[in-house]
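Next comes just one chain, in structure tokens: the form predicted on its own.
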Amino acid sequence: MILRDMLKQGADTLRKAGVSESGLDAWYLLSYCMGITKSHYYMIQDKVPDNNIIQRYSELILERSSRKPLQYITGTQEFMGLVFDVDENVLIPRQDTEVLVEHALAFCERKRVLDMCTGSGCIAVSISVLGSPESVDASDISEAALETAKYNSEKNNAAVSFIVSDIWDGITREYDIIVSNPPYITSDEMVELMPEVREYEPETALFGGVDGLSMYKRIADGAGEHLVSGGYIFFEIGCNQAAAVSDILERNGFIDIRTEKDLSGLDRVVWARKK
């Protein structure tokens, strides 16, 4: 079997398994398996690969056919132009979350920043590397997630301090900026998630209570004690949660509440200022 046929067979297998972008994922796995670029592939596509390459590629295709996320197989995901290691202890960074980071970056110069529910550390690390904050702290209840986040911080030469904390329990400092992509999936939405998400990504990073709002309430309830006067809070939200999250912030004394959309035109970020 030549390389071109092996790639086609991989794509066909993924398509039959219900993988939505079967051709693209088949290529990414081949590139990962062989360490080749697209231009290199076109130069060797008519050659017969070594048996160990055929076996390894078949194993990777089998993993993806089980609906294991591509990023957990390759171990990496790009975010804000940086490369992050990911594993099953952390949520895979999404492009939608870049909207959150981009808006927060506009306010972070020489500011003390807290990223709550940091997961892979993608938000905190991106702010540290791409902005000019005075300091960046990142908290999470999961020590396993924080180990991944610490590695990503070192890998990207970021200056981030990490805190094991169940929301505010371990937080003692005051900040100028609080940013968070908390769990916000509702009970009904959890059932409808794709297998890649429902069966592999950590439930603690997804499930936000029956209505998806429990973490917003907990964060907003304590934010006033840890945010300076005039400081800002930035939340990523589910696309139908703007009104509810805005109401939570208003009831906790925040003003100038605004909603921002993602590249698909859906509500994605709610942010506000402390009086």
Ligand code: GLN
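Note that the coordinates shown come from a computational prediction; the quantities given were computed from them, not determined experimentally. All residue numbers refer to positions in the sequence shown, first residue = 1.
Just so it is clear, the following notes concern the form predicted in complex with the ligand, a form of the same protein that is not shown.
Of the candidates Leu146, Cys117, Val160, Val113, Cys117 is the one whose heavy atoms come within 4.5 Å of the ligand in the model of the complex; the others do not. Residue Leu91 is the only one of Val129, Leu91, Ile171, Leu82 with a heavy atom lying within 4.5 Å of the ligand in the model of the complex. With the partner left out here, the ligand still marks one of 192-200, 174-182, 161-169, 103-111 in the model of the complex; by a 4.5 Å heavy atom cut-off that stretch is 174-182.
Residue contact check for Ile123: one or more of its heavy atoms lie within 4.5 Å of the ligand in the model of the complex. Of the heavy atoms in Ile73, none are within 4.5 Å of the ligand in the model of the complex. In the model of the complex, Thr97 approaches the ligand with a heavy atom inside 4.5 Å. If you take 205-237 and check each residue for a heavy atom within 4.5 Å of the ligand in the model of the complex, you get just Ala205.
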